[in-house]
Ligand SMILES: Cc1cc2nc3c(=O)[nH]c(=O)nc-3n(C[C@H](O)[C@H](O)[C@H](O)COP(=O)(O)O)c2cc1C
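The data below hold one chain only, encoded as structure tokens and taken in the form predicted alone.
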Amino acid sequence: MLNSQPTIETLLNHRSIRKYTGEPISEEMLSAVLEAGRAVSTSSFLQACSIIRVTDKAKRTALRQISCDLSQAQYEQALAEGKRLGHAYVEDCAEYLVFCMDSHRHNQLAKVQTDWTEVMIIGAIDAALMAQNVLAAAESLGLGGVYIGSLRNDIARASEVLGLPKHVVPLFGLCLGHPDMSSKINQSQRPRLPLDILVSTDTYQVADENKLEKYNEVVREYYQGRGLDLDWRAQIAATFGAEVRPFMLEFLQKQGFCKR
């Protein structure tokens, strides 16, 4: 019988885990966390999500190379030079799961119109909800994990590696394993926005700029403690200050989504 930690305690202790002990996850544990994902709420009972469990070493390596933090030009140059790129934990974690929005089954069973943008939103929400259930359940059992959104750096290649048909899109990965808590990278929690910025009542409340600046300083101090010259403003600018995967719409449309 598996022993899990209380829900709120588990959720409040969340941190991304990027280094693992190497111990495998038992079949009992893996089955439990996947069942927790299966039990999640789903829009209109459409169940528009699938999980790909990646165990093949070559596929892990290919997905690691996709999950890198380089520009497209740098990525292609590094691949041409035969370099191993991306996050080591994609290869090293005990389990690597890829969450996909999936309307392939819908097209198998009925005459449907799954090319509406709303269908894509439904699938993305279903996948995110399922993944969060999986991670929360895993953490309650003493496991740890980290999401891999950089899977979308080359989403066409990721789909090819995973053998995905039309109407299926890989949204993100999830590394799972037993945390190596001797590693400093696993020990800290990044400070989240305070509730008085996150939560409004009845109508949207524009964030107080002084509170945002105060939070930005909290983040700066956190990163200074890790030896990094970084704050939240810089992270926002780095992410949204230029093109953000401009190939996504074309790929989504190729897979049968977002055509209208």
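All values derive from a computational prediction rather than experimental measurement. The first residue of the sequence shown is number 1, and the count goes up from there.
Heads up, the form predicted in complex with the ligand isn't pictured, but that's what we're talking about next.
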Exercise. With the partner left out of view, is residue 83 within 4.5 angstroms of the ligand in the predicted bound form by any non-hydrogen atom?
Worked result: no
Problem set entry | residue 106: touches the ligand in the predicted bound form, heavy atom cutoff 4.5 angstroms | no
Problem set entry | Contact flag, residue 146 vs the ligand in the predicted bound form, heavy atom cut 4.5 Å | yes
Exercise. Do residue 19 and the ligand share at least one heavy atom pair within 4.5 Å in the predicted bound form?
Worked result: no
Exercise. Within 4.5 Å of the ligand in the predicted bound form, heavy atoms considered, which of 59, 233, 211, 192?
Worked result: 192
Seminar exercise, completed: Picking from 159, 150, 133, 114, the single residue whose non-hydrogen atoms come within 4.5 angstroms of the ligand in the predicted bound form is 150
For this session: Select, from the options 176-184, 161-169, 87-95, 114-122, the stretch whose residues sit within 4.5 angstroms of the ligand in the predicted bound form by heavy atom distance.
Result: 87-95
